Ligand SMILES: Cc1cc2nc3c(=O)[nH]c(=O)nc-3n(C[C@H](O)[C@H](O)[C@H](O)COP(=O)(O)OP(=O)(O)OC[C@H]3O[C@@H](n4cnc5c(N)ncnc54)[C@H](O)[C@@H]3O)c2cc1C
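Shown below, as structure tokens, is a lone chain in the form predicted on its own; questions about how it binds or moves come after it.
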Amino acid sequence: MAADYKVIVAGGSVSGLFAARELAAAGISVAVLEEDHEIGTPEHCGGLVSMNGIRNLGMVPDAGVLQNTVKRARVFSKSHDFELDAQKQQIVVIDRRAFDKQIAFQAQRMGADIKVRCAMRSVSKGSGRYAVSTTEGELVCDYFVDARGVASIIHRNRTGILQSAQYELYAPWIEHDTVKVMFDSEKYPGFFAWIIPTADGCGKVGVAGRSINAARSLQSFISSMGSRYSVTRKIYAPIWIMGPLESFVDGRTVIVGDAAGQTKPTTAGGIYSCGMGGIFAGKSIASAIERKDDAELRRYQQEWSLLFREEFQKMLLARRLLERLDNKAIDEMFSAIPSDKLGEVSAVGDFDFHSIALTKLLGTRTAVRVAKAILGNEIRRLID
């Protein structure tokens, strides 16, 4: 006999776990199916998030979750660089494996079933209910949450996918409190390379770009930084950078997180935006069950869009700009940023909402001229 739940969540990452937590807190039977052997694995994420974002997600991180605090960010083009003070933004580096397990523990403590090494084979709907076939047997439910990440969205639009690679490594050239971002339109077209420190001499180093061999590009980048390093972990994963799906709800199927395109178009980060997607989805499904009215499901997308729509629209414009900038134009824009603008970004920037910083940095006369040549009058939507 098939196990019976009100809601089944396919995918045990941030968005799916937060959805399960909210559902379980409302007294609704819910199961989370994670195909990997461990919650939090594989960890594709750089782990950067603000403390304010973590608090908004209803989390007080365990001691093992917080790895580091970021004090500054250095951003490089081929010939120029600038530095931003990040202390006011309270940016931290978290261990995503530990963070995801902490959310799973919250959800389980409230009544959710967490199943690892339980892959979903198929989902079908008949007589008003979903039949979910898994490697552990058959399940049935009334509502289905798709939190399967990029794997779920990739068949819709492969042009929105970039290849990425990220290594965890030990190297003396990793500064303990400084994130570094390197733009090079030839090596990392449409994206960049990054160094995220987890401790002094230890961190996550990665690259992404359109139509690149991510492993080869990352190896070349690491070798260019210095001869001394030891790699302790390698992850290769596609990332989504084309923004949210048109609809997050299809009948009683609710799509959350990476699967809904809720990762940032500028950086592909999504701890906060995907986490809030899971929270909004869980609460909306709980409301639909309580009121016996599936129209309540629409509140999920309305609430997420109210919080993130304007931000994502600006980031998508910034992505269009980045896709078309060559190294000469990037150098020109970087060299034109005055120190007072950097101070303004450091003072008022919000890590979880990048458009604030973009507006400041692209507000110089040179940046506007370059951006207008590419975006036309749409540049006003980005810098206003």
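A residue's number is simply how far along the shown sequence it sits, counting from 1. Remember, predicted model here, so these are calculated numbers, not experimental data.
The form predicted together with the named molecule is left out here; the points below concern that form.
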Notebook entry, point to check: Taking the shortest heavy atom distance, is residue 139 within 4.5 Å of the named molecule in the predicted complex?
Noted result: no
Check: Would residue 89 count as a contact of the named molecule in the predicted complex, using a 4.5 angstroms cut-off between non-hydrogen atoms?
Finding: no
Check: Do residue 203 and the named molecule share at least one heavy atom pair within 4.5 Å in the predicted complex?
Finding: no
Check: Heavy atoms within 4.5 Å of the named molecule in the predicted complex: does residue 276 have any?
Finding: no
Next item on the list: Sort through 308, 130, 194, 188 and report the residue having a heavy atom within 4.5 Å of the named molecule in the predicted complex.
Entry: 194
Checklist line | Heavy atom within 4.5 Å of the named molecule in the predicted complex - residue from 266, 164, 217, 102 | finding: 164
Next item on the list: Tell me, please, which stretch of 290 to 298, 223 to 231, 172 to 180, 114 to 122 lies within 4.5 angstroms of the named molecule in the predicted complex when heavy atoms are compared?
Entry: 114 to 122
Checklist line | Heavy atom within 4.5 Å of the named molecule in the predicted complex - qualifying residues of 32 to 49 | finding: 33, 34, 35, 36, 44, 45, 46, 47, 48
